[in-house]
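Shown below, as structure tokens, is a lone chain in the form predicted on its own; questions about how it binds or moves come after it.
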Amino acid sequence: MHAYRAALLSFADDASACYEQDGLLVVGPGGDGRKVIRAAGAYGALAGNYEGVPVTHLPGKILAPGFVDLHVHFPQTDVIGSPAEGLLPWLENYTFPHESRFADHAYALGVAQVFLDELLRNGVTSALAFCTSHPHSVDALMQASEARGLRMIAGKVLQDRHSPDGVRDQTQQSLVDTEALIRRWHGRGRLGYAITPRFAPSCSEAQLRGAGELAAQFADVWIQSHVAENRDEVRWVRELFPAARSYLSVYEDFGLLRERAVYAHCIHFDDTDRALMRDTGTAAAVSPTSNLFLGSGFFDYEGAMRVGFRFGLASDVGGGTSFSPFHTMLAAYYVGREGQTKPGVSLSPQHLWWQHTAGAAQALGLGGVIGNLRAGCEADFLVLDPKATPLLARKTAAAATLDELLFSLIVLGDDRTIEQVFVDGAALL
């Protein structure tokens, strides 16, 4: 075992933050060989129980859970910052041409290394990621993640129609490939598989039906896709699936809404959609930098909290403009204040941070496993430096409350604030 002494940030079941100014985090082997948190709390209360355990003292630093990115496209690492008039032109002009290159396993592996470097540099220790339609892309990301001990959930994109040559797959082969990838990677170490229809317009009814059948066959895999991101896209879905009540209900019709299903965006919803999310246990990946960048719209926090379904924060790189959870949390704050149909929601700093850690873990069905610093959680944690820049140092030194401290980090923090990243108890940064 090894212990770390510093300020300690964790989260209670009600999404409020718990903060120990002088905390102790004890890390040791779990029952399955992984490193887990054995104890976390006030130094004065715990130190006597762990005499003889080596302690790394980190005065002035904050121990925090590793961030969880609930929706990110690893093949779009080099697509960040590409100008476009909106979602559909952006896909056509930038995303699809770039993703076609991932048929080459060596190229995919090279991008995977850069992608993981960026996640870790920004304090992200778990992610739910899209690959491309090429099975090689999944192999590349899983191999690279396994080598670093990361908890990574990812899947091969399904898109057998309305997609250009180079990324369009074949219906039956895509389902055969998906099943083979599930058997190869799901549950291997800290890796998980996500059945991944790109979005309803890119998938034939046969492909969606096959995806639903695989989801029923492999009940513990994840499902991920996009829904109700852009008004033009919503109109397109209405034309393609005229019998469906809504865009979201298309996925319900094919058995793709359930626990461990995560849908990005969820912007253009009504309360019937929100209730469907709640009743099926489906979660939303809120992607504020992407939605602002592409002009897609605003996630309705008021509606989500009123009806009550799971959600968490996501970078959505490369439509999203940054890997940084600090930038994502700040963008979510803007959306909460300005982007609501009813009077703005002032999201608290504690709740914003929860959305990118313990809340995102709950959305994945991994509450109590990742995204928190509580006994039994996997040992993925960060050492934060609240004095990483001169202005941040001034602001955090003046913080009189926990909300003021966390909001200072959200507004002024960036990758320089991430001093160390521990994954499965080992320092990777």
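Since we're looking at a predicted model, the values are computed, not measured. Numbers follow the displayed sequence, beginning with 1.
Beyond the structure shown, there is the form predicted together with a small molecule, which is absent from this document and is the topic of what follows.
- Using a 4.5 Å cutoff between non-hydrogen atoms, H265 counts as a contact of the small molecule in the predicted bound form.
- The closest heavy atom approach of M277 to the small molecule in the predicted bound form falls outside 4.5 Å.
- The small molecule is not drawn, but in the predicted bound form it has a heavy atom within 4.5 Å of W90.
- At a distance threshold of 4.5 angstroms between non-hydrogen atoms, E229 is in contact with the small molecule in the predicted bound form.
- Taking a 4.5 Å heavy atom cutoff to the small molecule in the predicted bound form, the contact residue among H134, R198, H351, R310 is R198.
- Of the listed positions (S174, N122, T95, T289), a single one reaches within 4.5 angstroms of the small molecule by any non-hydrogen atom in the predicted bound form, namely T95.
- Looking at 73-81, 324-332, 108-116, 211-219, the stretch with residues near the small molecule in the predicted bound form, meaning non-hydrogen atoms within 4.5 angstroms, turns out to be 73-81.
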